[in-house]
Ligand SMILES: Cc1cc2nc3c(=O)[nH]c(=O)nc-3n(C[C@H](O)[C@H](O)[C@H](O)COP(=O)(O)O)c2cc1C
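In structure tokens, one chain follows: the form predicted on its own.
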């Protein structure tokens, strides 16, 4: 059987699947359920000294939305969006730390890891929360510079408000890194222009890893009522965001290489996505929306799916997959030229390829289509819409 262990920031995880900081890790009882389900790690709900962010969680609201961004009723499709208003950990730090220490002890008995998560509204507060987490026994601490909800609350300077101020974010990072001995991870917001630059700055300030990325801010009207869903703007993410998240993982790995470890989140739905995150360069993969939708047993299925995939493909370790897609990534100018080829015996003459060929390369024959090669630029649109596998193949020229 494949070895799913992975080393992240010097800490060994039995598998790369982690339950992200959210409602499924709201307290010790919830985190234990994630551990029982087989997750290699849990990232605790973000502990904060902000009463406003704690109180918001008391009024949390979320909806699972379908492809038309309407509320799902019954079955939730794979391409759903999680649209939510929520806050951070419910309890003040002195009480929430009891949840942390209880979970750390339980994790040690079950070969799992607990990553602490913190967010403050002051520089000294970040340091104090970091020290409390370290004293609670966590091997890693994630600083939440990405939570979208504070952006929607005037006067609350934490989460995403920090992640959009690179200098302030680096100042916090340096202060916490100097104050604690355990490695720190920075969870960033995708709503900035350059996460490669920010990740490099964070590395130089003392971060050992980055979490790429937190969620976006969205707005969804209900056309039946003319009012916004759940009363207004909210955090939005889900499986549809995967290519956006993987882009940043790809770019940070390309730019920084082994300088900075990466944990990926926002878009991982199942074990296939976990593999994509790893192949893009993420050491561990955090899962949230799908667990909130399908329950803790979803984690168990994805760990098993990852193991089966590795055995079937002959990957003995996670490291054999780590970053291989990013390492093979080409610049636009380096791509090979291709031409489409049609197996006319398989062609059912449906005409779909004719509709999407804007180079006038796909031509209608008597009984099937054919390729006018001098016009073909090798875009592959025809391959994408052809309903019969193997009828159209792209061939390097």
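Positions refer to the first chain, counted from 1. Not measured: the values here are computed from a predicted model.
Another form exists, predicted in complex with this ligand; not displayed. Remarks below refer to it.
Exactly one of 86, 121, 250, 81 has a non-hydrogen atom within 4.5 Å of this ligand in the model of the complex; which residue is it?
Of 86, 121, 250, 81, the residue with a heavy atom within 4.5 Å of this ligand in the model of the complex is 86.
Considering this ligand in the model of the complex, which of 210, 288, 129, 234 comes within 4.5 Å of it through any heavy atom?
-> Of 210, 288, 129, 234, the residue with a heavy atom within 4.5 Å of this ligand in the model of the complex is 288.
To test your reading of this chain, name the stretch in 322 to 330, 201 to 209, 104 to 112, 137 to 145 whose heavy atoms come within 4.5 Å of this ligand in the model of the complex. Among the candidates, contact is made by 137 to 145.
**Message:** Given that this ligand is not shown alongside this chain, does residue 280 nevertheless sit within 4.5 Å of it in the model of the complex, heavy atom to heavy atom?
**Reply:** Looking in the model of the complex, residue contacts with this ligand do not include residue 280, since no heavy atom lies within 4.5 Å.
> Using heavy atoms and a 4.5 Å limit, would one call residue 15 a contact residue for this ligand in the model of the complex?
Replying inline: Heavy-atom contact with this ligand at 4.5 Å: absent for residue 15.
message: Using a 4.5 angstroms cut-off on non-hydrogen atoms, would residue 20 count as touching this ligand in the model of the complex?
response: Output for residue 20 is yes: heavy atoms within 4.5 Å of this ligand.
In the model of the complex, does residue 158 have a heavy atom within 4.5 Å of this ligand? Although this ligand is absent here, residue 158 would stay clear of it in the model of the complex, with no heavy atoms inside 4.5 Å.
| said: Residue by residue through 290 to 324, which ones have a non-hydrogen atom no more than 4.5 angstroms from this ligand in the model of the complex? | reply: Going through 290 to 324 in order - heavy atoms within 4.5 Å of this ligand in the model of the complex - there is one hit, 292.
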